[in-house]
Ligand SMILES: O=c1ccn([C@@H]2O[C@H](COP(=O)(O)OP(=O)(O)O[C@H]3O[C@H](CO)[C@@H](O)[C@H](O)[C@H]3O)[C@@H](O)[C@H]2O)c(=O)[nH]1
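This document starts with one chain, in the form predicted on its own, laid out as structure tokens.
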């Protein structure tokens, strides 16, 4: 590559695994095309990243900034997986304190572009002052960004929605019919302010400044998947370049270093999966940040049991809790399902499991990363949104007949084991779910085709090359 076309790009993701990994995926794709990447985060987050391939190690430079001290935040907490949901605002407070060291680094490195996340509301003004082109890299759908609203309003008056009920109706700026709304329990549990939110800007204000101050918005999605939402963003809400980067589908890599993970060997998991019938297993995982109450955990367990379907359940430690999730399961549950289900404690190789032929369905918390991984392999989705934007993702997928949402009470979000079992059987085996299963398998061409998705990245590179500012001398 000629030096004139070789880009220098700084990546600065939010401190969550579900954000770090896609930023790294895009970094690898850009590095493969000959561009230099500086990947900036804190020490513990960088240590958690997958190893960078040897052939790209000279093109992707990891830049580590110590995480600032924040009162009432555990000293070892550097990621959203390290703290309960109620401490997330304190984590963002520490994240905001990274502005000075990042500014100093940008002044010295003089990159062509900086890619940043929704939480970096302060970064566009820094980039503008330094003459560096900046891109808001959204790991949220175009539909989700549309629901959040026009940046111009968020940057001036903030979000006009002040009551929980305001979030349960379609926003006035969406001009077409839609059911993309939050349920009341999703809002009251996770969207309304807590006392600690007062320590800094709300997430919606962060989104407003991140998008509004950018030179371009890059979205991990495709106009073919959500055309109406891309059009709305481009034509009415953002009125600036909107570049889809595709879904960045996961690549299944089988190497010996990955076979032993936290003491759980992939070979043992694969041995169990190999014994199951094709498309018979439901993979169950609700993410590393989401958590269920004790009662919800019991209902979910009884639903898995009464579905009579084989399942592989990843049961993570409850964030910020000393309770053992296994101890919260119904009495005798593990003994009753031992010949049909696996309860796996801790992290699991999700992509490898979803890629296995015995897996047919995926019960998910509706994080966008997990959705992409499930649909990449054509797995029908069983939707159990827990926090953040997951309710919006669930509505979007249900509307496109790519997943069935487990029915819950509007007020408190409670659900029954019967509704879990019925949703599972509809998705996996009942005649009424045939169209859902077929639709999930058909969509693989969109989500999982690596060449198709790489075309988006190639178009992004052309845009970045043609629209970078003159490098600061």
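What you are looking at is a predicted structure, and each value in this text was computed from that prediction instead of being measured. Numbering follows the first chain given and starts at 1.
Not pictured, yet referred to below: the form predicted together with the named molecule.
- Residue 351 is the only one of 128, 170, 351, 243 with a heavy atom lying within 4.5 Å of the named molecule in the model of the complex.
- Residue 365 is the only one of 185, 87, 356, 365 with a heavy atom lying within 4.5 Å of the named molecule in the model of the complex.
- With the named molecule left out of view, the stretch that reaches within 4.5 Å of it through heavy atoms in the model of the complex is, among 272-280, 387-395, 92-100, 222-230, 387-395.
- Contact check for 17, 139 and 346: all three have a heavy atom within 4.5 Å of the named molecule in the model of the complex.
- Taking the partner from the other structure, the named molecule in the model of the complex has a heavy atom within 4.5 Å of a heavy atom of residue 21.
- Though the partner is left out of this view, residue 237 does not reach within 4.5 Å of the named molecule in the model of the complex, counting heavy atoms only.
- None of the heavy atoms of residue 378 is located within 4.5 Å of the named molecule in the model of the complex.
- By the criterion of a heavy atom within 4.5 Å, residue 288 is counted among the residues contacting the named molecule in the model of the complex.
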